[in-house]
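The chain that follows stands alone, in the form predicted on its own, written as structure tokens.
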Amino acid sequence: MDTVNISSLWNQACEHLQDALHIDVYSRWIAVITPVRVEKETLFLGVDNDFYQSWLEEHYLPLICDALRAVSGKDWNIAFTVNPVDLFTHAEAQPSPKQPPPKTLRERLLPRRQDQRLPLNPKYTMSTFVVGPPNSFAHAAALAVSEAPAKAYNPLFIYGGTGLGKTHLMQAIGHSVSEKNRSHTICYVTCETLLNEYIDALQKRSITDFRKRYRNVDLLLIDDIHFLSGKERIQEEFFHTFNALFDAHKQIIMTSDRPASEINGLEQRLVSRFEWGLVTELEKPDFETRLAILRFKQREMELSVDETVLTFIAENVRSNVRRLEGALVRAVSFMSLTQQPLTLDALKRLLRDTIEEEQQAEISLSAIQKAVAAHYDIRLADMSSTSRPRSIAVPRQVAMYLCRSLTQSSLPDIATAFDKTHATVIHACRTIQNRMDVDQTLRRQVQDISTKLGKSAHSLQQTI
């Protein structure tokens, strides 16, 4: 079968799939597929990375086969192959919709008017969430929940650092559910607001109204659930609210800056309930994702920014998306106010404070332990275990060395993190430092881990 016929076959199948799937699901998982070739009775379909391949094979392969059978009248074997193309090629190739008359820079940067029916930011939709490897799983989970609330994953617990997109993803689910079913009652609230309303209800003796407000919804979105920490009365109230919603098959979605099990002062019965469904993490965006976010924001603001400027910002602002967007706003504001092109030297001066803060950003001890455990393919629990085989002892010593070298933590703090004595930490640091002087393989391994943590090899100084 020639290329034209392959394209025609796939286009017909896509029309069939568009009718069967929600627009967000189709655009994220089906529209990214390209027909590659046919060999005997097998149709090879190209996708951008391994994650797409595994997800499609697990969740959409039968549906794709049914669509091809419907349009061609015969059964096809499907094989996915990873294309050697940029992860975001497809997204950037989409034609931009016709734009209204040009706006001022101030109008472009101001948030759009919120939907009066829902207290959700209209910008926080699935289509404006830029997907990359660090957030693909969380995005896929959000899509699944928006397609089948209270059936796919309930509750959905999303955690991650500041400015990584937790609120965006949560509210995007709210928008998606609202679009599909206008009759659904959707409630979005921050945990701080929930606490204040609870206190107000106690003072006004209107606790019954408070319970009705939160127990009679179809979708409950609670931001920053870690603020429940140490607040026993509201934890008791939320425990019963959670049970009422869960038993009524209503969807619950929560965000936090850490896993439920690491929220100090949170009752164990709540921890167990928060982990009943799916727990997913939003990680710091990698370079490709950061660059894709900047390109998307540039198009959204209807501005043309030199690619070298975007690349510089993506390379130097790594901590979170919010700071990344702030750096871009400063750059475009400078160009708008001065009416001059932005050179790299000018950009370095403009973002000097931000870049310095990025470089000085403290790496947590747990982040180092996770990175080392992942590099050596051992369990995170081995970092604080009493096991002493070489396959565990050396990675543990490397982790202690990096904690001492890349952070300002004291020896007792590091020792506590590994459940060891400070003398053990000193011995580990000296051992790794001495071995790195003669063992180039070990030195490269340590430098590789340091680089993955966002620190250069120059950060590895004498530790003791």
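Residue numbers here begin at 1 and follow the sequence given. Small disclaimer: the values here were computed from a predicted structure and weren't measured.
Keep in mind that the form predicted together with a small molecule is missing from the display, and what follows is about it.
Student: Can you check whether Gly163 is within 4.5 Å of the small molecule in the model of the complex, heavy atom basis?
Tutor: Gly163: contacts the small molecule in the model of the complex.
Student: Considering non-hydrogen atoms and a 4.5 Å limit, does the small molecule approach Glu302 in the model of the complex?
Tutor: No, Glu302 stays farther than 4.5 Å from the small molecule in the model of the complex.
Student: According to a 4.5 angstroms non-hydrogen atom cut-off, is Phe129 in contact with the small molecule in the model of the complex?
Tutor: Answer yes; at least one heavy atom of Phe129 falls within 4.5 Å of the small molecule in the model of the complex.
Student: Even though the small molecule is not shown here, does Gln251 get within 4.5 Å of it in the model of the complex, heavy atoms only?
Tutor: No, Gln251 stays farther than 4.5 Å from the small molecule in the model of the complex.
Student: Please name which of the stretches 237 to 245, 307 to 315, 164 to 172, 366 to 374 has residues with heavy atoms lying within 4.5 Å of the small molecule in the model of the complex.
Tutor: Contact-bearing stretch, as computed: 164 to 172.
Student: Can you pick the one in Leu143, Ile293, Leu347, Leu194 that has a heavy atom within 4.5 Å of the small molecule in the model of the complex?
Tutor: Only one option qualifies, and that one is Ile293.
Student: Considering Arg322, Arg379, Lys74, Lys204, which brings a non-hydrogen atom within 4.5 Å of the small molecule in the model of the complex?
Tutor: The residue from Arg322, Arg379, Lys74, Lys204 that makes the contact is Arg322.
Student: Judged by heavy atoms and a 4.5 Å cut-off, are Tyr124, Asn135 and Lys297 together in contact with the small molecule in the model of the complex?
Tutor: Spot residues vs the small molecule: full contact, yes.
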